[in-house]
Each structure stands twice: as structure tokens, then as C-alpha cells.
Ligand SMILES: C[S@@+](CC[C@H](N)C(=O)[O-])C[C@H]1O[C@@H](n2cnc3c(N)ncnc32)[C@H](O)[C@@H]1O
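Next up: a single chain in C-alpha cells, the form predicted on its own.
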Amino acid sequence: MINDTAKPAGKGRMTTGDSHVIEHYAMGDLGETILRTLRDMGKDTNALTPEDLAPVDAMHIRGREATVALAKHVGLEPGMRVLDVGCGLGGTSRHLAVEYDCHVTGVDLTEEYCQVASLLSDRLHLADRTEFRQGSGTDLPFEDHSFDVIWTEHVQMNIAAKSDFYGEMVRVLNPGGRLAFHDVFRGAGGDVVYPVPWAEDASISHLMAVEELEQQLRSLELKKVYWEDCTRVSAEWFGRAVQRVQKHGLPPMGVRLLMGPTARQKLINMSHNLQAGHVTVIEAVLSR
């Protein structure tokens, strides 16, 4: 049952597990590294476009293509307040703000990501439509019923406390609002081969089965609006990505910057995990 008793806004409290996740993602000089790389590519960093940032703005399976496809099922309208949980560098937040004229708040566990997201939004003159805050997805720093839409892509794999994660998103969602997600779950094909984009090893990887996911969503009384198993198309997409890397090497932007020295192996392993059924990918929209 949904508990409609008002709860104070969370403070984004971090746990020991959270600190290990931050260590996995944080780099220390990511903003300047991105700008320097763009300058080396001949880009004017004072006049950036969304296309310039595309390689780092959509670091999830199928990239911006997946974001565009999912957004079509959400029912976004101008003026809506959207929360992007696990916003990373803010690429999806900026896309939704521009394409649907929404005000998007991004929250991410990694402070550096929030700082870089703000920097990039400033460079694209989107600071009036996007804002970014550090916080935990299991203790969101927002009041009850603060958003019309909750959005999350490739986040819960690092979160062990699934009930807190989904429960917090429902708590801050307006009655009648929608939860949209695109995420990776445990498949029936056996153990995941590491490293993968979200973890060097199993210590910060917390995959749940789709059946467990559905049970969690039912317990929160969420109703399916759209549900799509995207494992096959995701495997095909990753297969093409691996072929490009094997032929041309890693591009200067994107995975080379954000996945570290094991980037190539992470791509290869992820392609294998999808093909072998170790993981599965679901896109969905649910209503409260």
C-alpha cells in the first residue's frame, strides 16, 4: 500500500555503499577534461550544441535513441516538473527540457556529476530550465508530491535498497503522475561477467530479477502504462558498438572519458552479458 502520510524531505543521506559507488564514478577533473577534449576536437566551448555533447550526454544503452523512444510514452507537457533520478551529467534532463519545455531537476549521488551537469547546462543556456542537486536515490531531498514525472535510466543497478529507491520516487511523485524508467535487470542466463559500465566487480552491483521488480511495483500500487523488453535491440546496439571500437578504437569522447581504463573490456563484457541472457533491459512507464 502507498503511505500517503506526509514525510519530511530526505537529505540525500549517503551510506558506506554509496561512497563506494561514488568512488567508481568520480574522476576529480571531469568538467575540464570534457571541455579540453571538445576544444581538441575543434569545438567552440562557448557555443556548444547538444550534438557536441551527445557522446557524454547519453551514457546508457542505445544512447539518446532510448531516451527519445521512452519519452514518447510518458505524456510530457510544457511546464511539467520532472525529476531525473541518477541524472549523471544531465544529458537527459537537458533533452527533456528542450524538447518538451519542462522544468527538470536532476539528482545524482556523485557531486562531481552534478557540478559538471550545471556547467554544461550553463554552456547550453539551459540554466533556467534545469537544475542539479547531489543526493541519494534512497533518500531524495524533496518534499512529498513535488513532481509530475519521475525519470530514471540505468541507476538502480548500483542500489541494494530497492524498496527505498522505488518508494522514494513514488513519495515525491504527484498523485496521477508517472514514473518512467529504462534499466538493466538480472537475466536468467547466469552470473554477470565483470567489469561492466556500472561496476568493476560484483561488490557494487545489485541486479534484481524482473519478477522481483514487478512485485516491487505492485506493492506501490503503480499501474503499467507502457512496458517493453528491450534486451534484443540492446544486444544488437552493443554488438555494433563493440564492432566500431574493434575497428576504430575508442572515440575521444564518451566511454573513454567516463568508463576509465577498462572501458573497452566493459563494452565487450556488456555485449556478451546481453547476448548470453545474463542481463535483461526493460523500458516502462507506470502511473500512480
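Start at 1 with the first residue shown and count on from there. As the structure is a computational prediction, the values presented were derived from the model and not from experiment.
Separately, the form predicted in complex with this ligand exists; it is not shown, and the next lines address it.
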Fill in: Asp18, His154 and Ile159 all contacting this ligand in the model of the complex, non-hydrogen atom within 4.5 Å
yes
Worksheet, complete the sentence: The stretch from 82 to 90, 170 to 178, 214 to 222, 186 to 194 that lies within 4.5 Å of this ligand in the model of the complex, judged by heavy atoms, is 82 to 90
Worksheet item: Taking heavy atoms and a 4.5 Å cut-off, does Tyr113 contact this ligand in the model of the complex?
Response: yes
Worksheet item: Would His60 show up as a contact with this ligand in the model of the complex if we use heavy atoms at 4.5 Å?
Response: yes
Worksheet item: Should Thr105 be counted as a contact of this ligand in the model of the complex, where contact means heavy atoms within 4.5 Å?
Response: no
Worksheet item: With a 4.5 Å heavy atom cut-off, would you call Ser205 a contact of this ligand in the model of the complex?
Response: no
Discussion item. Which residue, Val74, Ala97, Leu119, Leu109, is the contact with this ligand in the model of the complex, using a 4.5 Å heavy atom cutoff?
Written reply: Leu109
